[in-house]
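Alright, two takes on the same chain below, each alone as structure tokens: structure 1 and structure 2.
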Structure 1
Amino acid sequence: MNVVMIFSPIEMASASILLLLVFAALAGLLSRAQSVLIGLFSVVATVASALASAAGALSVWNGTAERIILLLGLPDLPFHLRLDPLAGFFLTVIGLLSAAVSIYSAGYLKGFLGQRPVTRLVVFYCLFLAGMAMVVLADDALFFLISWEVMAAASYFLVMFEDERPETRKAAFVYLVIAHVGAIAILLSFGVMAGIATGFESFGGYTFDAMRQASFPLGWATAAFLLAFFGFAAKAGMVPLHVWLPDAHPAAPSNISALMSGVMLKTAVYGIIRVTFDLLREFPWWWGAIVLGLGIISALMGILYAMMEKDLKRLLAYSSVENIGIIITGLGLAMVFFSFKLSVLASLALTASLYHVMNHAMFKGLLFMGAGSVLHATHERNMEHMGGLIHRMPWTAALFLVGCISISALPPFNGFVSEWLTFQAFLLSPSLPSPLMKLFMPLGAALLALTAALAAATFVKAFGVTFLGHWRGEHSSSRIHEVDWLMRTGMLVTAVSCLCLGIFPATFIDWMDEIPLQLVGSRLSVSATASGWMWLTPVAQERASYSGIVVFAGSLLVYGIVYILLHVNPGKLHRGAIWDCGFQKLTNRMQYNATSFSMPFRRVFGFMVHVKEQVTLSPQTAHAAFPKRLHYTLRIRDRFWNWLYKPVADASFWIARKVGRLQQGRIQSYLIYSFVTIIVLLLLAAL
């Protein structure tokens, strides 16, 4: 408590960043003692993350903004740092998940001992965490972009960790390209805002404070917003800029995937909120409509692709696209409500969106760590080669199940709360004055409901095929063991967070109340927690209410009763073969698997993805009706590669070839280019 009194939140956050940077600088000294390095790294990263999280939580609680001006950077352009409740909220999320992942990493990285040095991973991991914390603390465009690039570059090297595999290199390259295209858009957006704020003659406009005080003409504000939205959407992995996600996540080590998906994508959400609600402040309703529409498309496409996947980590990556879509949808709703001056509804939608940010960080972090544990134990990412792991890895299975329930938005876990709040916001859209929006809102709500249902189906598949049924792998499953206690602790922390966020939503909404008040001018807690901490009532008691703790107690009760009823007479319970439906000669290859599970969805939604199915019969058969062997190949590709990326890539190569003709190697030609240029410029000057 005293420590809290002595140091202000921003000092704690800076100390945490400093700790990470110093450790990153010194980690190389320990590269000879790898296991010591891993242990020390885990302790330092956990402590720093916990410190950052505490700083963020405290700052949200205080509800005030603190600033520091660092005389670093370019001469006359110092770095501005600012910790306000919005930044504090994201700092809390980042700190909380990275603390859990850092504990987990201690166990996970031991798997690399003796195989490859982890020094590089440790260094860039620390830089990555520091970069993310710096992004949310930055209060000027220069420092923001530097932090943004530190984060992007560090994560690139983390994805590249296992660089001997060509697919890793390709994934990292695609990630780098999309990240940089996005960064350029963000840079331009800040350029527009800084230029409007103080004009291009002075550099004073680069601080966010100057941008906050400026008033933007609609045209320039729209340009700045669209550029920023494009740039941040590239980082967040929104459709159609999502293609780097499903490649980068399977390529990266699992603890890195957990961080990238859990919190790095959220820095982009932070960027969108910062630019729209804090820097530009006033906008027409159709900005919100764009954001809303793209959010829903992302959510739906993301979960459809996830459904089709059989690679566990790719599935989770696509599911991140979906969840980002839900977050962005909430944000779009908030923007629409805010532009019509419905500040209470805006605060509801914004709170739902932020709550989902927190939730997704927790359960997606948990799921990626779970997938990492499975990978650690089985060295397998393909779900078709898994199965029955619940017997070998009971802890991981239970924790993974918690993640699956949370992400499927089932009460009493946290996913339900935020999606329910988003739906509440949708259901209140009839109060909008725009008839066009009134018309489209129910459609959006319906698509969101479809997304939620598909997400549940996807995670039934993910859990069922991985942990239930028989082992499908080629080798025996007897070598597979539960992961060590460090990895379990990391997952347990996030699982408990998922439960707490699901049971005590009113408390958390009360805590983060200052953020909607500062951004959209209204607080939610007045109505949301009107009936005490147990009941969450977003608008009014009569309209809708939810109590996580009651649902939790109820489900515990039902579980207890069922357990007692089943075990009161042990003779009634007997074990049979798994999934054999009474036919007792099933082999492992006859089971329901990932591809067969998703088959109905492929039939219904196949037109939205690029599906290529091929069945070939082996020729050496006595009779056509009795083929010896049947080959079934299924290729599912992202349609966006052919629709969007291939034309762009082809066009750039074509232009490059055309321009390349200028270079022909003769000095005289180059001199003629200069000569003609000079003459033309002189002519222009003379005219």
Structure 2
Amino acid sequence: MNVVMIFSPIEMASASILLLLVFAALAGLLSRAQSVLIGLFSVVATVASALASAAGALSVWNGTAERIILLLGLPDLPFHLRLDPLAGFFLTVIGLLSAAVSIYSAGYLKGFLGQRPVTRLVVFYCLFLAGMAMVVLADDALFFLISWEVMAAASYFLVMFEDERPETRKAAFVYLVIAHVGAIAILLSFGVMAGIATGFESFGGYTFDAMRQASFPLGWATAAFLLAFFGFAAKAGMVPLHVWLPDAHPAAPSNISALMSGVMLKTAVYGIIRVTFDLLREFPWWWGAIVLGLGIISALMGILYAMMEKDLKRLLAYSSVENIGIIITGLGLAMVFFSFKLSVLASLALTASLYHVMNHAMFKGLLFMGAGSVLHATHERNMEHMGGLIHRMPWTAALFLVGCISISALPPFNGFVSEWLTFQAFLLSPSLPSPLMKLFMPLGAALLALTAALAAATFVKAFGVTFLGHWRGEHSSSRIHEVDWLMRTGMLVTAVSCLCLGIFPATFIDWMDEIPLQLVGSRLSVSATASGWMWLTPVAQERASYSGIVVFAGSLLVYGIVYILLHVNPGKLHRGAIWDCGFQKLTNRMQYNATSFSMPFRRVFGFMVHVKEQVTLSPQTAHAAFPKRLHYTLRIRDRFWNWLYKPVADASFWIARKVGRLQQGRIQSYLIYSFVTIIVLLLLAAL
């Protein structure tokens, strides 16, 4: 169905990018009026994000592709822009979350007034949004890589905003290194595909249209795919390329963390889909098996690391590794089904993956904004020093709870739908003709189920330790207060989105169904909406069905009945002091904290992470009956850092020290180096 408008979707998207770039260029003029700058920035970023989201949604609904050629860039290498349903879907995701976060930022950035100027953050925030939009619109390798670098550089400076902290500088440096290693791999992948497209004889193959029309030999196609997958996996934070993510996301301001986790990681998912299903188009089943296996490993390892954390923002960052793993698992399933010409099942798996892209953007953006609200009010990230915040911050607690339910894949919220669709794709894997894949699929489904259970436990811990119980902080909780209405509005937008995506999945699938049709050749809505908008039937009604609206209505009915029964006679409801084996004077030291909650999981899964526990005794003079005080310390390290990254870093420093000896500061030594170099070059020329 086509929607006729005065401005085409690609013109609306281009206007959105231009608005962000112009404001970034002019923001410095308001550097002396920080309050005015924050207010104007929030309005401009929100309007631009809403415009981009509307353009993307219309593009998906129309199901057509629009193109623009900009006579910029290098001579004879203009920039190509293309807005098709796949790009439109990711532009919608970027725009929706960016609009909510931009509203939230108007209140969040006020906390920096009087402490540090926010002009730099405003400039790079706008460049960051513009870079992500340009990435999904790019239709040639040159413009894609330029946009990718704009996005990466802007996010680097955003992570470095509070650069007086050594851990912030280290996190930003590690992020920049891994981002550029990934960018080199993406560049090489595009180089391979562009060269094959034109026989390595001209630069014409740099456009994606030329790559789409090319026929790639399996060897070259495999090289291009592996390079692209490695490069995009580094940006997505997949295991074992995830080490930058749990440091960079917590180091950044919380509104930036919401965008980096919610949408920046999805640009990497977009790149994988674009290269695999659109540019290469044909591939063997074992490509999908690699993607599927790495996705499951990322999901399981990510949630295990999250469970062990006591830093709220690091916990959320590690859970992003888990959710990216779930998304990649869906893509791997789609690739396997597509390679065996099972287009309906490929459509199901691809839809599940794309649905989780949208879901994760909404609930992870909500959770990071909630964590930012807690940090804004308490100036604390360590959950060990929190507790009881539901009494001081009821709005934040309620909205954060919505995010916890959603990310735990509990109905009727959105996380359940996408994970349920992924499980449906696993359950249909006996249709595969490969005995090896039939053996592997049940194991993958079991590990995904374990991941879902661990995710629920992790966010029971996150919400319970942070918002329930007694306050455990060193200072009084009397100064803690709820955040302002702008921050609450930003969180409320994403919370409502989580609910709507959970109770109206058939409508959402019907809107996005053009994407699997164009990429894998089959629609899902034919079966998914066969029973109407109330019911979701992935393949056939007799196999499985789900109604989010019925579950939601049933939940409200049960809650209403329980509430009435408890409150119809107020005299039946009594409140008393907390009782603990006859002892009622409970203190905040007698309750579970983040470390004690995760202890059973450390005992079971501790071999998968590096756990170091230590108990020491020290003198105590406060009470004669207790002359010694016990000190318990727990340190958890990522094994992948010690296995992969630390040896490389140590070797790099060793080589640098050796090479540094060449710099002796004596002109005689430098003349000898030059003379030897000339002799070597002459000998090589003679040969």
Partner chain sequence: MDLQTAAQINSFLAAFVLLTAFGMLVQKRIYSLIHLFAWQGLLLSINTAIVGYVASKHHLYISSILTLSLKVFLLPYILHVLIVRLRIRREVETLVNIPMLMLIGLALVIFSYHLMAPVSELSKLITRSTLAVALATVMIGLLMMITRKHAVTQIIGFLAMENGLFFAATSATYGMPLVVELGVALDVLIAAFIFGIFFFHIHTTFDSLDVDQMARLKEGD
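Since the structure is predicted, the reported quantities are computational estimates derived from the model, not experimental observations. Structure 1's sequence is the ruler for residue numbers, which start at 1. Whichever C-alpha set is largest while still superposing within 1.5 Å between the two forms counts as the rigid core.
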Which of the two structures shown, 1 or 2, corresponds to the form predicted alone? 2
C-alpha of I672: shift of 2 angstroms or more between structures 1 and 2, rigid core aligned? yes
Align both forms on the core first, then report whether R32 has a C-alpha shift of 2 Å or more between structures 1 and 2. no
So that I can tell if R635 moves, could you say whether its C-alpha shifts by at least 2 Å between structures 1 and 2 after the core superposition? no
Core-aligned, what does the C-alpha of R657 shift between structures 1 and 2, expressed in angstrom? 4.9
